[in-house]
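A single chain comes next, written as structure tokens; it is the form predicted alone.
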């Protein structure tokens, strides 16, 4: 009988988060050393998007269910932090409908980050108790309906949320290093969930729902766990965003951010953590380049500029090309790793690009 000891899943895959966080840290260091204030804001926004998209990946990538509603949890986290950190005197004027406990609270940024993120996770759990019973296109449509409900509530509950008016007075705390910390934390949490028993069981249900259920996997329970964790991570991204701008508005967490975040996940690869991070970095670079070209680039004696709205068109074209020629995204579902295979992928590399790829299997 063989006594060979095989390395644990942690030992086989730990290089993935190390590589991803190391790459993000390099960007942060270069920005701190050589970047301007404007470039620093761009990188900060990119790190916030990493936290958001990795949060979305935690559910979408592991379950195979497309969600259009995670921007709603970002909204919940942003407003939750605003309620906890805006000075009480301002809240009495701007948000007269807040409960006395919230109206008199003025917590530190990090404490509000924890509380608001957990609050978003609790809401995700409550909503998931219903939505996770659905599957296929019905579940995706239900998540979009959830996003619409959250946006409607926050846009019309004036005394508590300020309605469609921007809520100001949020302490501006998020910079390059704090946003990097949030992105790194999101990567670590998503990775640890992915290699956990629950994450492995959920991916089994994603790839072979009938076989997984027959093996004792409670797909509803595993989806609910992933949905709750992803909701908390997206709520954390909302907190970082609120303290980056200093203002919040319900429309900032609606269709625009939903389209951008999903495009980043699709381009990078929905079924891998590495794809989520790479997609954000790539699309953020494209957005910044096009933004500069919209403002105009001096060429000789003239100025070359692109029409407004070209960013959305370009991202749409990139998504179409990726879906046509590489449905699994740029990473093809694989993880950046120092080893030949990564247990976090859920399948071996020989299956990538073939009919055995999980993305090419019909969903049940």
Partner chain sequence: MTAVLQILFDALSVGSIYALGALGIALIFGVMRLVNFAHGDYIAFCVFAMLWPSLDVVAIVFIGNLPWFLLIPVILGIGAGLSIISEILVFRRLRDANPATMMITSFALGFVIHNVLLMFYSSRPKAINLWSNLSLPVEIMGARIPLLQVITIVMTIVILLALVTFLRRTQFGVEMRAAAEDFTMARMLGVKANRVIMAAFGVSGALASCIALILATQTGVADINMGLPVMLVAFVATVIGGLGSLHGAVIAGFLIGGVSVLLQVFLPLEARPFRDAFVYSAVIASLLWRPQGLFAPKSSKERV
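Keep in mind it's a predicted model, so treat the numbers as computed, not measured. Residue numbers count along the first chain shown, from 1.
Another form exists, predicted in complex with the partner chain; not displayed. Remarks below refer to it.
Quick one: 66, 146 and 308 and the partner chain in the predicted bound form, is every residue within 4.5 Å by at least one heavy atom? Per the other structure, all of 66, 146 and 308 touch the partner chain.
Please pick, from 33, 26, 38, 317, the one residue with any non-hydrogen atom lying within 4.5 angstroms of the partner chain in the predicted bound form. Contact residue from the list: 317.
Consider the chain as shown here, without its partner, and state which of 93, 101, 210, 126 has a heavy atom within 4.5 Å of the partner chain in the predicted bound form. By the 4.5 Å heavy-atom cutoff, the listed residue in contact is 210.
Using heavy atoms and a 4.5 Å limit, would one call residue 293 a contact residue for the partner chain in the predicted bound form? Close contact is absent here: in the predicted bound form, residue 293 is far from the partner chain, nothing within 4.5 Å, heavy atoms only.
May I ask you to state whether residue 86 is within 4.5 Å of the partner chain in the predicted bound form, using heavy atom distances? Output for residue 86 is no: heavy atoms all beyond 4.5 Å of the partner chain.
Contact with the partner chain in the predicted bound form for residue 313, defined as at least one heavy atom pair within 4.5 Å: yes or no? Although the partner chain is absent here, residue 313 would touch it in the predicted bound form, with heavy atoms inside 4.5 Å.
Is residue 263 close enough to the partner chain in the predicted bound form to count, meaning some heavy atom within 4.5 Å? Contact with the partner chain, yes.
Option from 227-235, 134-142, 182-190, 104-112 whose residues, in the predicted bound form, bring a heavy atom within 4.5 Å of the partner chain: Correct option: 134-142.
Pick out the residues of 148-183 whose heavy atoms come within 4.5 Å of the partner chain in the predicted bound form. Read in sequence order, the residues that approach the partner chain (within 4.5 Å, in the predicted bound form) are 148, 149, 152, 153, 156, 157.
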